[in-house]
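The form predicted alone is given below as one chain in structure tokens.
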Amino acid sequence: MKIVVAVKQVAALDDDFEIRADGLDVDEDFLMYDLNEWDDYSLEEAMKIKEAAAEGAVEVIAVSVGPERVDESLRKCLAKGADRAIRVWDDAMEGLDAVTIGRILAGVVKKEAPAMVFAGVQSSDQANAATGMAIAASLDWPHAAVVAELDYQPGAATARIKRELEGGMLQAVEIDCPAVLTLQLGINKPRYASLRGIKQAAAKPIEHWSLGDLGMDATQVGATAALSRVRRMEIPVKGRAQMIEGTIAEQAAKLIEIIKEYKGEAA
């Protein structure tokens, strides 16, 4: 059986950065890239299932959508034990959103026919928490979000999970398989890649899929197909703090004065 793990290469800001000339994103020269933290836990959970099964019974496939630089994050997945890595990209995908990415990943899942699909609850850069559920919606598969515990035997028709609710509560659920699960931080302890694993990963091929491989065309991806788009990105204006001293009446009077002054500036 197969487990597909959807992973993302996320961007972190350098200390100093600039917005692109078009105002739609940060200039890439000021970004640092790494594997999304939530996806590290998803990969580890897939590896635990693989290692508990008979040798060769479970195949773990890491899948990501993105340009060539994403290969670096996929190599990390291979170094930690993933059997295969697939990167999907086409220039027509520029401007895609989380839901469109979900549709693309669903196309991979249809071709690979896994028993389970794992994804992180969210990404550390945009935090949409939408891709995993978009995969499930595109496949019309059972799904559960914010999974904190998982009990699943390879080939089983159901899986038992505990999903995190607000206030620290856990909800016990039994879900039919195949299913899509988004996994929460802390569900396990992700491993470090061994030196041997890193060397082996460097020799493993990364499969590069295009729109044609998924039976999709340019009208189904990219900015024109996205349900959301960035209109403008700005650096927030730093706020000002002022201590108002005196009696309560004096503080109130001063506050009214400041508000009137602010309204005058706004006008």
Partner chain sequence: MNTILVVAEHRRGEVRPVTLELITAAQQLKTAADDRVLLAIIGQEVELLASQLQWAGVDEIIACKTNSAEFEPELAEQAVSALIVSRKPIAVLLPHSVDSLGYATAVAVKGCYGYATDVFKLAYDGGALVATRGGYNQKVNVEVDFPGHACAVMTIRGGAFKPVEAAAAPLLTVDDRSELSGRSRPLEFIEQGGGGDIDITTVEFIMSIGRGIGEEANVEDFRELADNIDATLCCSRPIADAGWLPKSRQVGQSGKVVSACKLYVAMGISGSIQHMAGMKHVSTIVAVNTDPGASIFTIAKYGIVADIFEIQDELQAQLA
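Here the structure is a predicted model, which is why all the values come from computation and not from measurement. Positions refer to the first chain, counted from 1.
The same protein also exists as the form predicted together with its partner chain; that form is not shown, yet it is the one meant from here on.
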Exercise. L170: heavy atom within 4.5 Å of its partner chain in the predicted bound form?
Worked result: yes
Exercise. Is there a heavy atom of D29 no more than 4.5 Å from a heavy atom of its partner chain in the predicted bound form?
Worked result: no
For this session: Look up in the predicted bound form whether R191 has a non-hydrogen atom within 4.5 angstroms of its partner chain, and give yes or no.
Result: no
For this session: May I ask you to state whether E68 is within 4.5 Å of its partner chain in the predicted bound form, using heavy atom distances?
Result: no
Problem set entry | Contact residue in the predicted bound form, from V88, M116, A134, M93 (heavy atom within 4.5 Å of its partner chain) | A134
Seminar exercise, completed: Students should find that, of G212, G56, P236, P205, the residue having a non-hydrogen atom no more than 4.5 angstroms from its partner chain in the predicted bound form is P236
Exercise. Based on heavy atom distances of at most 4.5 Å to its partner chain in the predicted bound form, which listed stretch, 104 to 112, 155 to 163, 70 to 78, 193 to 201, is the contact stretch?
Worked result: 155 to 163
For this session: Just give me the residues of 124 to 158, first to last, that have a heavy atom within 4.5 Å of its partner chain in the predicted bound form.
Result: S124, D125, Q126, A127, N128, A129, A130, M133, A134, A137, S138, D140, W141, P142, H143, A145, V146, T158
